[in-house]
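Before any questions on binding or motion, here is one chain by itself as structure tokens, the form predicted on its own.
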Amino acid sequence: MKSFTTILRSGIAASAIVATASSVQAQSGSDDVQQLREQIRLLDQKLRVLERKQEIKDETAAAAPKPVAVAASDGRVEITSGDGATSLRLRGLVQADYRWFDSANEPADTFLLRRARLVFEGKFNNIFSYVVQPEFAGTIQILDANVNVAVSPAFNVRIGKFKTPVGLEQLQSDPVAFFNERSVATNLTPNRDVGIQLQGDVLNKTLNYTVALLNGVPDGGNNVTGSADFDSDKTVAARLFATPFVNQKDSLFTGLGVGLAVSLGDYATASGRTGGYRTDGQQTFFSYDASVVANGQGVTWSPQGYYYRGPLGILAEYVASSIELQRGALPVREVENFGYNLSVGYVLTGEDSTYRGVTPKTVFNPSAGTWGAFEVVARVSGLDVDDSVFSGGAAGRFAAPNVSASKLTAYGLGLNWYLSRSVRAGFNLYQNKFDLAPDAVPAANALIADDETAFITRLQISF
């Protein structure tokens, strides 16, 4: 508007000058010239007033707050301020299972509500963000509750309750994992804990680092209540994960990621050692004697990696965990346990497989002739318990060989059906084979008396 009025004013002035000159020549009268000059002055004044009014109008519009945006898609609801600096997002996860087991020594076939969560995520001032995630299935608890301060992409500070940065599969979001249940290797990686964490992406986002100071939880442990530590000692966890070709979109290795994670801390009491290791069917196949306590240092380390290209996805990790344990007044002994996991998935309908899941090109709609996406998955994993836990006789050993296995090898096959971006059905068949301690005789009705075969189906909504 301003440029238009400027041009207009210039045009009028030029026309007036020409007219004035012509008039002077034609009339040679000074009165007429004076009259025309006055007219030009009045017109210029009017144009200046119009210009200022338009400027005020533009300034007012710029200063006025932009309207709040409300968006809803695939069940997810998000409210965002006009400038985008503040937002609140509501998400959720519901997983309903039917589980079938083949042996009389294993649990009854059952329907099960595996997970029922609401996730509240928000940010403000483009720097501060938060997550609050309660779990309503099983033991009601707060899974995540933390505040993140994003000083820069390379430096974030997180305080509260969150996942310990160690296990690759453990860190992956529940609804996008290849299988309904994570591998048995995750028995050895710590889960959620309370503390402070520094993290960021560096080297043009090809390297992610995470360092955390935590209360400390044992293998597979989860700080359910977010309560205070069992002692004053803290655990340090650190992880480096590199995706060196992530910025080379045409590279064969764009989806390659490799990393190494480690946690180190001092542990005490029965809360400082694992409550037990579970099969793919979520049955406990190993546990320490109730009198065994942690009494010393615990270390977990894990080389890990994944590779995703087109419909193919591969995830692998190795986990080694050691802990110093004691039974009664007997000497402290160090126990070392090992686990591994190799999982492969392939999307039959051609969609890309990623660490963050699969997005189907179509949704399930029989009337339109679309069926979503289908993915086949396979996995081999294992957990090897230190044989020394069964030594020392009945009064000195850490675990009873008649109810606990010394080794588990697990095989899994499955089919995932993505009915939409938010709805997935999973069909998983697991075979878990137990190795027993030398000369061990399983107790009657013990889980380890027979290999476990389980078929777990799941319908989940994740938005």
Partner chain sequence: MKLLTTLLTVAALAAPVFAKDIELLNVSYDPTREFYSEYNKAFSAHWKAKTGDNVTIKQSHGGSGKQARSIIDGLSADVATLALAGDIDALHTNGKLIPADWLGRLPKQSAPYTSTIVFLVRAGNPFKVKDWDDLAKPGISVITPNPKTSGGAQWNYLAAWEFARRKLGSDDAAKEFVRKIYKNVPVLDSGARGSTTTFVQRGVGDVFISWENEAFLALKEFGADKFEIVVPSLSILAQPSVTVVDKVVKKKGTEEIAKAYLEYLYSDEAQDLAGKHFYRPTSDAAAAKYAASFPKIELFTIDDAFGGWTKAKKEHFADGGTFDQIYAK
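Positions refer to the first chain, counted from 1. None of these values were measured; they are calculated from a predicted model. If you superpose the two forms and keep the largest set of C-alpha atoms that fall within 1.5 Å, you have the rigid core.
The next section is about a form of this same protein that is not shown, the form predicted in complex with its partner chain.
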Only one of 395, 415, 56, 43 comes within 4.5 Å of its partner chain in the predicted complex by heavy atoms, so just point that one out. 56
May I ask you to choose, among 49, 69, 33, 425, the residue with a heavy atom within 4.5 Å of its partner chain in the predicted complex? 49
Contacts with its partner chain in the predicted complex - residues in 173 to 196 whose heavy atoms fall within 4.5 Å: none
Taking the rigid core as reference, does the Cα of residue 58 move 2 Å or more between this form and the one not shown? yes
